[in-house]
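One chain is shown next in structure tokens, namely the form predicted alone.
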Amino acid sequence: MNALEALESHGPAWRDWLLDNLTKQCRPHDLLVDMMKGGWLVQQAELALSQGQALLNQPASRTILRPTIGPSNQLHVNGQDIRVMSRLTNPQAVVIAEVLSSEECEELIALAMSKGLNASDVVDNDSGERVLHQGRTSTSTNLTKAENTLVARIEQRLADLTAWPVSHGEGLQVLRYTPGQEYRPHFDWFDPSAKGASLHLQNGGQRVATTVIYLRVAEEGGGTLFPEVGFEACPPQGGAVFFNNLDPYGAEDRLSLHAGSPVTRGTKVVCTYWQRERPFQ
């Protein structure tokens, strides 16, 4: 068997392209994305990448540890039976059902409403301050970590579900979307090249994963859209969308671009849980 079989498998043009871009120190994840767009299978592209790196005497790309949902399609976490509905490879995302019971959903909504909802904001890349933005039109409230027994139970369940310490999670955020409200395409990771991001990266590091739990489902619209891959998730009440914000090599994953599609009828209420690299205070 040819030791460089994967590297040669799509012909000399692809081989030369990969070696040339590796020589230029291009990000491995970007190369893999381009290869898969060109018809490569994921495993074959990763093997060709490692063969190219070895040929050029470059160190092999090392994958990082990230929050993850295991391969089983039937999960039992802290007394809750959770069912996997679908999976995406790029970006790495999992749509799951029954993360929360209907009673837990209603309790969490009631808690959020008792605290009051305000216009949702975003992080300004230049200043690092929280500012209002026309691309995000929901109302929301932030819950304190382990604010009560319900919140603590949900945080622990999400930590156990994704095999990531509860200490590395941000507090839950509950958001409400009424007809016409949306969150236009955006990334959850902080841009390390942006001046304002340093303020947020100091506490807990990068956001490595996101879980969006659907507490109340709109009658029309309101899905979680990944526009780069043409996929929209619409979980049932208590279900969720989990996805990684970093690629397997630790770089910001541009395929994790996502949006909260506009609600066209009814009301959507979701709970967002972000996980960090390190303990978050």
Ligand SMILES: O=C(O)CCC(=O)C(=O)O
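Don't overthink the numbering: it's just position in the shown sequence, from 1. Model, not experiment: these values are computed from the prediction.
Although it is not shown, the form predicted together with the ligand is what the next lines describe.
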- T272 near the ligand in the model of the complex, any heavy atom under 4.5 Å? yes
- Using 4.5 Å between non-hydrogen atoms, is T224 touching the ligand in the model of the complex? yes
- Message: Check R130 for me: does it contact the ligand in the model of the complex (non-hydrogen atoms, 4.5 angstroms)?
- Response: no
- Heavy atoms within 4.5 Å of the ligand in the model of the complex: does R153 have any? no
- Task: Go through A209, I96, L175, L158 and name the one with a heavy atom inside 4.5 Å of the ligand in the model of the complex.
- Result: L175
- Message: Quick check on this chain: which one of H186, R83, R87, K115 has a heavy atom within 4.5 Å of the ligand in the model of the complex?
- Response: H186
- Message: Does the ligand, in the model of the complex, lie within 4.5 angstroms of each residue among F190, G204 and R276, using heavy atoms as the measure?
- Response: no
- Query: Taking the partner as it appears in the model of the complex, which of 175-183, 106-114, 193-201, 87-95 has residues with heavy atoms within 4.5 Å of the ligand?
  - Reply: 175-183
- Message: Using a 4.5 Å cut-off on any heavy atom, which residues of 230-261 would contact the ligand in the model of the complex?
- Response: H258, A259, G260
